[in-house]
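Only one chain is included here, represented as structure tokens and corresponding to the form predicted alone.
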Amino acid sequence: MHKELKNQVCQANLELQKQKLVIYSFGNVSGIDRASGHVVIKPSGIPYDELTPDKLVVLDLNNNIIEGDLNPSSDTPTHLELYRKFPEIGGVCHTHSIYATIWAQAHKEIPAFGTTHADYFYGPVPVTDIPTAEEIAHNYEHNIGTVIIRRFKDLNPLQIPAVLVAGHGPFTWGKDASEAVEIAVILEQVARLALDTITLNPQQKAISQTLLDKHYLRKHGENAYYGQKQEK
């Protein structure tokens, strides 16, 4: 079942290791088949060197295991909540990459200091509130999804495909598992650039809205012209 999706999600997970965003068994990537409502995700605690498509776990959106002998990632309830509330996305990635996690632990959003940021994120990368004591004590992983959704009440998850969970780390998403990992790689680069920027100039301000609009919309807007035209 879902052979192609398993292969895609497995390769996306292995890409995290290749890009040096994870160590040991840290992190996880998932993908969803919207037609069936089934999610494929990395199993919990399995090192990347041992990961193969047949070890991935298939679940429905109610967290029922459909296929697989291993326990799914402990972060599965967070992934499922994002899929339920962000119906446009097809892949989710979670890491503890160094620079993005630094910003998350500092409880600071990442400002749009330059055009590298603006090419992918239409504004600052937001940081969530800290989960309440009740949210931590009961259904913690599900409630991580809750705090993310709460933070995106007035934000478009397609325009800002990443979030920093305060005290925890980043989650990213995209049209599929591969794009979710690509955004995670870009987020780490942007997080490092931002940290170095304020180290050099603590008073640095974000770029203007005009420049943010130009760089984001030329790639993602209705009249985008970046890259090559797709054949019809």
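Model, not experiment: these values are computed from the prediction. Residues carry their position along the shown sequence, with the first being 1.
Below, we turn to the form predicted in complex with another copy of the chain, even though it does not appear here.
- In the model of the complex, at least one heavy atom of residue 201 sits within 4.5 Å of another copy of the chain.
- Contact check for residue 175: no non-hydrogen atom falls within 4.5 Å of another copy of the chain in the model of the complex.
- The closest heavy atom approach of residue 25 to another copy of the chain in the model of the complex falls within 4.5 Å.
- Another copy of the chain in the model of the complex is approached by residue 96, whose closest heavy atom lies within 4.5 angstroms of it.
- Proximity to another copy of the chain in the model of the complex, taken as a non-hydrogen atom within 4.5 angstroms, holds for one residue of 157, 90, 124, 114, which is 114.
- At a distance of at most 4.5 angstroms from another copy of the chain in the model of the complex, none of the three residues 3, 67 and 151 contributes a non-hydrogen atom.
- Taking another copy of the chain as it sits in the model of the complex, the stretch 140-178 comes within 4.5 angstroms of it through a non-hydrogen atom at 140, 141, 167, 168.
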